[in-house]
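In what follows, one protein chain appears twice in different forms, each by itself as structure tokens: structure 1 and structure 2.
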Structure 1
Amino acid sequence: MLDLIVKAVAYSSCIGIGAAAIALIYSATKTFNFAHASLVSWGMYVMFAGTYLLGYTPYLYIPFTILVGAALGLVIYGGVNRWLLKAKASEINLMMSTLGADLVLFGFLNIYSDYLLQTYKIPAKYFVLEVKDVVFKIGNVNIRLIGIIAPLILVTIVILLHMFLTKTKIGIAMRASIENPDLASVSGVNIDLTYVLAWLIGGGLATLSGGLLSLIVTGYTAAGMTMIVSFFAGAIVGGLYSIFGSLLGGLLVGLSEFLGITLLASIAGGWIYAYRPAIPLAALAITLLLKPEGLAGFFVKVRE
């Protein structure tokens, strides 16, 4: 039971990080980022390739995983999103453009996995990086380090984002442009720079969540696509316009999904695992029907 709870907290922390990436990009640019799926998968493969090719602990490659995601975020923004925003494209067009970017990233990721398999003879199609994690004992229970690292990283991100958005000039300018871009632009805020920062940070958080998830679930090129519902559900449950609400929403959705399917399997049997995505999908649907603004809307009313 302890191992299950620790693993659930680790998984939900990763979902929370990824959900915050979706909320940040949407709140800044009104772009529902479907490329998030392949960014998550790229994060998995960066951790996998570093560990299998260079050795040492997978955690050593976390900074590089973030850098790759930030770079890919900049490529998507500079190559696609920036021009559509300048042309004042609709939210649907912005969203569909990221679906195209996702397919391109997915294609290159498959090429990369084939290259790793053919050249280095490592299991790049399907891999279980969990076996490379550090294990320690609490009583008679084996606990993996990811159960501690993932929630610690989540807390660190909350602190760093809060400091960035409230204590730095560029962070305050970014908040102003998110809340009222026209007024911020008239006040001298460089809106394009805030868009760049949103994609830079959002891309880094997306691959970070994928890299950490590779120590919990099986990694493969379409892994991000299979989990995309959980990330979007976390962002919507928390509130698409709230980064911190999405962190909380992702945490709650991840816990509900991981512990919920385990409970259902203990009652109905192992066949129920195939329907695991139904749990975050149900959370997403219920939120949209009953409280579209998510948890962030509730906190705003409490403050008022």
Structure 2
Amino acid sequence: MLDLIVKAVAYSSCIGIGAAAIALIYSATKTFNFAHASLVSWGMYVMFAGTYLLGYTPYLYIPFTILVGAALGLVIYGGVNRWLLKAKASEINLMMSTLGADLVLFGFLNIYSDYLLQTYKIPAKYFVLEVKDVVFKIGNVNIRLIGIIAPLILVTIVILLHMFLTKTKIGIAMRASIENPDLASVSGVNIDLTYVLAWLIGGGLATLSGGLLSLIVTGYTAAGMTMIVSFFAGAIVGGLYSIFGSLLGGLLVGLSEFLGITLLASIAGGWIYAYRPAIPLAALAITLLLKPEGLAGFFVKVRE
């Protein structure tokens, strides 16, 4: 039971980080980021390539996942999003543009994975980095290090983001421009810079969640696409406009996916495991029907 809980906590921390990334980009730029899927997969492949090609422990490559994601986020912003925001494109067009970016990233990731497979003969189609993780024993139970590292990183992100958004000048400016872009720009806030920061941090967090997930689930190029519903559900359960609400929402969705299905299986039988993808959907449906403003609605009064 303990190992299951540890794994559930690790998994849901990753979903939480990813959901926060979606919420950050959405609240800052009104862009629902479909490219999140491929960013997550890219994070997985950074960890994989580093571990297999250079050796050492996978944890060494966590900073690199963030760097790669931030760079990709910057490319998406500079290449696509910036011009659409300037042209005041509709929300659907903003979404579609990130879908295009997602397909491009997916294509390049697959080319990279083919390259890894052919050149270095490493299993780049499907990989399980879990075996490279550090295992230690608590009593009779084997615990993997990711069960501690992932929540730790989550807490660090919460603290850092909170400090950034409340204590630094640029963070406060960012919050202001999220609340009211026109007013913020009149007061001299560089809106463009806040967009850049949103994509930098959002991209970095997306790949970070992917990198951490590669130590929990099987990695493959379409892994991000498969899991994207969990991330989206987390972001919407959290409220989509609130970064920390979405982080919490992601945690909740991840936990209910892992523990909820175990609970259901103990009641209904093992056949129900196959329907695990239905749980984020149920969370999504319940939230949208009962409390559309999400978890954030419990803490923050949304002004019309």
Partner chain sequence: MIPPEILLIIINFAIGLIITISLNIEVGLLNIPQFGRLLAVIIGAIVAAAVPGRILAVMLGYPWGVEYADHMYNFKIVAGINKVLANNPLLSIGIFILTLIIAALLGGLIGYLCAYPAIRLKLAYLGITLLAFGDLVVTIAWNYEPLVGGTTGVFVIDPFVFTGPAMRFTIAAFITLIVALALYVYAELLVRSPYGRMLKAIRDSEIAAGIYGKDIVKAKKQILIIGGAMAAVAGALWALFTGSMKAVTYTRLQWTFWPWAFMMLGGVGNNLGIFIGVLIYTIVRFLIIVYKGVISTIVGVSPEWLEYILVGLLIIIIVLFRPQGLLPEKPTYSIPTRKIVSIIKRVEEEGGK
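None of these values were measured; they are calculated from a predicted model. Structure 1 provides the reference sequence; residues are numbered from 1 along it. In this text, rigid core is short for the largest set of C-alphas that superpose within 1.5 Å between two forms.
A.B. asks: Which of these two, 1 or 2, is the form predicted in complex with the partner chain?
C.D. replies: If we ask which form is the one predicted in complex with the partner chain, the answer is structure 2.
A.B. asks: Kindly check if the Cα atom of residue 60 is displaced 2 angstroms or more between structure 1 and structure 2 relative to the superposed rigid core.
C.D. replies: Shift at residue 60: below 2 Å after core fit.
A.B. asks: Supposing the core is put in the same place in both forms, how far has the CA of residue 262 shifted between structure 1 and structure 2, in Å?
C.D. replies: Value for residue 262 between structure 1 and structure 2: 2.5 Å of C-alpha shift.
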